[in-house]
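The chain below stands alone and is given as structure tokens, in the form predicted alone.
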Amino acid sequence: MTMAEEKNGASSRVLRRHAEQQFAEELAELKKADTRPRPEHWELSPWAVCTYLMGGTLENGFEVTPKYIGSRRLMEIAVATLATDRALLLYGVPGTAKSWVSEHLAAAVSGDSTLIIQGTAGTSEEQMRYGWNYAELLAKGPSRNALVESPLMRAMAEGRIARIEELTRIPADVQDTLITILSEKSLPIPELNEEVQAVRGFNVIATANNRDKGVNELSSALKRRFNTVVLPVPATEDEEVAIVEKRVREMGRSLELPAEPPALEEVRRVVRVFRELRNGRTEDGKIKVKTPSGTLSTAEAISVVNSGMALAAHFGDGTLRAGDVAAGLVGAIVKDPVQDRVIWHEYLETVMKERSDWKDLYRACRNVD
């Protein structure tokens, strides 16, 4: 077995493949068909990157699947930003595909989506800039061999895209480490009296939201270094249903769940419940409902349907039914056991119970409750 075959075999066994592995064929076909000018160190031209994200048919008839369902103009703005010296901030409420878009942008531009810093309350300045191998440091003092490069430093040196997830979860003083990097395109190493200068092709994609607890607002100085693209929640029910169905099918194949693909009507009911509670009114606008404390994002709807698929596969007949989605639905909506439970009960009795074709879902939700 060759090294490439071993690598492909190992890749097929992992729980979640990186975007550049999962969609390697599409990226290769786009690269062959791409004759447009591309910035230095980019794997594809901006046009091809946008086609990879939004989907389309190439001249040879090859179908590129859409990775993002929404406004093409937003993706064009995001890609164009990366072709300049401005960093990109993907902003929006949780569950609007910020991380998903970030990963696919990095995969299409650099061929590598793994140069990532995951923002948390414990993210330190060393994780953003560089650290030290302390055994080497104590033995021989500060040197290049003792330096431990961060993903950001590697991206600068190699002319690639670095990803910073959940930027607003990082403490404010650590966030500001980025100011010099984004302004001067260099990272000083005072211990060695050196610096790392960014190679062409380097840029940063950050994601952030302002809805979760523990958010640290970005300083004005840092905001000015980013071009912000706000990713909205899906505009219509049909759009959100398409997103949920597509992602659930992909995840079902990846996890090899022995279940039938989810029925469109079951997906639509989950999406409608989420949209109505999120918007504070029913889809027809006739009934106002209270909004629970959770975000009720598209990502959570995907999770509810996916967990229902697992229940149907392993404890049912393989067909997704109301009883399979009920537990996930209640768990996603009732985050506050007092306030949210009252809101959920009110929705059950005033909205769901009155829909004649939702009786099975109503009974299943009441049984779980």
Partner chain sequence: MDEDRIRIFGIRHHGPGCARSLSLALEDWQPDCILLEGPPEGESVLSFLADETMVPPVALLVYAEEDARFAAFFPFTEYSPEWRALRYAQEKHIPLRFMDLSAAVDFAEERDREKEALRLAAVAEEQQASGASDVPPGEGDPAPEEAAASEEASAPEEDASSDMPEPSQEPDYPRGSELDELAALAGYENGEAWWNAMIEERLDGLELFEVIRDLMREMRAERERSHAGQPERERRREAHMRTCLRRAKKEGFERIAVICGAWHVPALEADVPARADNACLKGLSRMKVVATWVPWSYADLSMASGYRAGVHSPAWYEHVMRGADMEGRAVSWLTMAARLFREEGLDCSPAHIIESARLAGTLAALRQRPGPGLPELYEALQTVVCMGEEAPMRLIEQRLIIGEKLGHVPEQVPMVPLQKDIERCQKKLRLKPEASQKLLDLDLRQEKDLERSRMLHRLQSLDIPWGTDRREGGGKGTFHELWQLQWEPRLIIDIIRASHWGNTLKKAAEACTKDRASRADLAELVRLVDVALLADLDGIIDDLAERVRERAALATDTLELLSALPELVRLARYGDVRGTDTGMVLTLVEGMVPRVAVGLHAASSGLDEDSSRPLGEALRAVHESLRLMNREDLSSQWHAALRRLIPEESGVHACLRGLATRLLFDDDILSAEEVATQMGLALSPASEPEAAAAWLSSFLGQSAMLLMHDDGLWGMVDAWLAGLSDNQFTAVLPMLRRTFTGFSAPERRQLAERARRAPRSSASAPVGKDAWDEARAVLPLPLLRRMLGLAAEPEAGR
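Residue numbers count along the first chain shown, from 1. The model shown is predicted, which means the values in this text are computed figures rather than measured ones.
The same protein has a further form, the form predicted together with the partner chain, not shown here; the description that follows concerns it.
J.: Even though the partner chain is not shown here, does it sit in the predicted complex so that 46, 86 and 227 each have a heavy atom within 4.5 Å?
T.: Answer is yes for this spot.
J.: So in the predicted complex, is the partner chain close enough to residue 36 to count as touching (4.5 Å, heavy atoms)?
T.: It does: once the partner chain is placed as it appears in the predicted complex, residue 36 has a heavy atom within 4.5 Å of it.
J.: Is residue 76 close enough to the partner chain in the predicted complex to count, meaning some heavy atom within 4.5 Å?
T.: Judged by the heavy-atom cut-off of 4.5 Å, residue 76 is in contact with the partner chain in the predicted complex.
J.: Consider residue 223 of the chain shown here, and say whether it contacts the partner chain in the predicted complex, taking contact as heavy atoms within 4.5 Å.
T.: Yes.
J.: Is residue 137 close enough to touch the partner chain in the predicted complex, meaning at least one heavy atom pair within 4.5 Å?
T.: Taking the distances in the predicted complex, the answer for residue 137 is no, it never comes within 4.5 Å of the partner chain.
J.: Which among 229-237, 104-112, 141-149, 122-130 is in contact with the partner chain in the predicted complex, heavy atoms within 4.5 angstroms?
T.: Heavy-atom contact with the partner occurs in 229-237.
J.: Within 4.5 Å, heavy atoms only, which of 81, 295, 216, 279 is in contact with the partner chain in the predicted complex?
T.: That would be 81.
J.: Using heavy atoms only and a 4.5 Å cut-off, determine which of 333, 305, 50, 326 is in contact with the partner chain in the predicted complex.
T.: Of the candidates 333, 305, 50, 326, 50 is the one lying within 4.5 Å of the partner chain in the predicted complex.
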